[in-house]
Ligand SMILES: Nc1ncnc2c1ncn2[C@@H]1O[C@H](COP(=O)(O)OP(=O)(O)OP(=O)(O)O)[C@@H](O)[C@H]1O
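Next up: just one chain, as structure tokens, the form predicted alone.
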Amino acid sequence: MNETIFPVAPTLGERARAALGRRNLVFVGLMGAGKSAIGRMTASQLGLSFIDTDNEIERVSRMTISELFAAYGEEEFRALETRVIKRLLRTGPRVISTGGGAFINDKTRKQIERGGVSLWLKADLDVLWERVNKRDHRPLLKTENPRQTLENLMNQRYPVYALADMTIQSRDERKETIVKEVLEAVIEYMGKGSRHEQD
């Protein structure tokens, strides 16, 4: 008895993985946008490793981000962040979640442009505030009016985040839905004959 075997269509994750080729997928955006949670789930769908740059910085420095800010200031922290991201981008492909200020730094942004494709997880103020208000470990929000500080950061950084290759709206929706949108965006962006196309 002859059985007809039909090829199984590739999953969305497999299609996005093939579209990425050897490129890293780099999540950018403000604190609370969901870069780590969505990045980790996206990496799982792509069959790639996931690295959160803040965790990597803490690992190599043996200090927390708050301790680094307190001991060395933001400028020194950003220099360390740039070095760590540069090292991570040399190998891959992988999914990388960056700290909120990483893409704002010109040097780091240029490294990301060369070594990966960037995706901005964009969120409204209310969504961000709801997420970050529950935690006390964000050094940039240790101010008299943290919600206003967060809004100021949005106003300063959103025009720069808009330079990312892709943008997905982070919102109160199931994480799986956002991940699906990320994978679809990767396929669409890489399929447009972008500057990131593989040889």
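Numbering starts at 1 and follows the sequence shown. Given the structure is predicted, the values throughout are model-derived calculations rather than measurements.
This next part talks about the form predicted together with this ligand, which is not shown.
Student: Just to confirm, Glu173 within 4.5 Å of this ligand in the predicted complex by heavy atoms?
Tutor: Yes.
Student: Can you check whether Ser36 is within 4.5 Å of this ligand in the predicted complex, heavy atom basis?
Tutor: Within the cut-off, so yes.
Student: Is Ile168 close enough to this ligand in the predicted complex to count, meaning some heavy atom within 4.5 Å?
Tutor: Taking the distances in the predicted complex, the answer for Ile168 is no, it never comes within 4.5 Å of this ligand.
Student: When the contact criterion is heavy atoms within 4.5 Å, does Leu46 count as touching this ligand in the predicted complex?
Tutor: It does not: once this ligand is placed as it appears in the predicted complex, Leu46 has no heavy atom within 4.5 Å of it.
Student: From the list Leu68, Met31, Ala164, Ile51, which entry has a heavy atom within 4.5 Å of this ligand in the predicted complex?
Tutor: Spelling it out, the residue with a heavy atom inside the cut-off is Met31.
Student: Taking Gly100, Arg131 and Ile178 as the candidate spot, are all three within 4.5 angstroms of this ligand in the predicted complex by heavy atoms?
Tutor: Answer is yes for this spot.
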